[in-house]
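First comes one chain, alone, set out as structure tokens in the form predicted on its own.
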Amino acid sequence: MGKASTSSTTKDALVLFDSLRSAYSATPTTLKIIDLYVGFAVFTALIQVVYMALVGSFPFNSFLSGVLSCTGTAVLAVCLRIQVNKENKDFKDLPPERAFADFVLCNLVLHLVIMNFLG
């Protein structure tokens, strides 16, 4: 019984993975680029956390600034993705140029605050 349930679980996971991959292949290229940017920002934050765990966090303000900068940028990019997505009916009247301008302005404010936090 244990081996059959493991095989069924593996089969279900493969079916789920294939359905997610086929659904994502229909995603527009602009959204995929934003997804890569979000992934890079999260990856950079994780690298900084691992570095802090291995080496130490002597300039703690620098560590916090780096992680918060990456996290804030990722959150703003997710907001951009939501606004640019054509299937999202809540933002159908918002032009993509306006959404990108909001993204750039909010990133500018975020990084000014981060630089101020650094000291």
Partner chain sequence: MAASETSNGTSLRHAFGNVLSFFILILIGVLAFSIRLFSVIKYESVIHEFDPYFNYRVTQFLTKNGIYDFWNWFDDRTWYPLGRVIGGTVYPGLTLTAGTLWWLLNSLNIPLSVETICVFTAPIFSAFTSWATYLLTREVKGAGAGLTAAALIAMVPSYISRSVAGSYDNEAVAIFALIFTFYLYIKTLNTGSLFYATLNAIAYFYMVCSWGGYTFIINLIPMHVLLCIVTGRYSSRLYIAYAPLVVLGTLLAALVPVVGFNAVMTSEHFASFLVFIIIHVVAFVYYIKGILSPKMFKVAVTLVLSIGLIICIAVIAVLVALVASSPTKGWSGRSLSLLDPTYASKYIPIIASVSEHQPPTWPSYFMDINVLAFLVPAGIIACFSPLSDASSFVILYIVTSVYFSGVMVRLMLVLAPAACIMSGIALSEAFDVFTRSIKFQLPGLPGFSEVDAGDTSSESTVPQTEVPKTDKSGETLKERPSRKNRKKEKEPVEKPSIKSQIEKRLLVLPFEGSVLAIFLLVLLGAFYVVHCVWAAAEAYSAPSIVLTSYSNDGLHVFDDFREAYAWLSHNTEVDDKVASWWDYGYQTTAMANRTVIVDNNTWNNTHIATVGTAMSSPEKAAWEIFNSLDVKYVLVVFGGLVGYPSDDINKFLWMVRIGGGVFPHIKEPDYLRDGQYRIDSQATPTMLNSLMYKLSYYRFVDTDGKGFDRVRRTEIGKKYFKLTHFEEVFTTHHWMVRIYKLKPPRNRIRGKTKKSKSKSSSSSSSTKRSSTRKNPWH
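Please read all numbers here as calculations on a predicted model, not as lab measurements. Positions refer to the first chain, counted from 1.
What follows is about the form predicted together with its partner chain, which we do not show.
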property	result
Glu97, heavy atom within 4.5 angstroms of its partner chain in the predicted complex	no
Touches its partner chain in the predicted complex: Tyr37 (any heavy atom, 4.5 Å)	no
Exercise: Phe91 in contact with its partner chain in the predicted complex, heavy atom 4.5 Å	yes
4.5 angstroms heavy atom contact with its partner chain in the predicted complex for Gln83	yes
Residues within 4.5 Å of its partner chain in the predicted complex, restricted to 72-111 and counted by heavy atom	Gly72, Val75, Leu76, Val78, Cys79, Arg81, Ile82, Gln83, Asn88, Asp90, Phe91, Arg98, Asp102, Phe103, Leu105, Cys106, Val109, Leu110
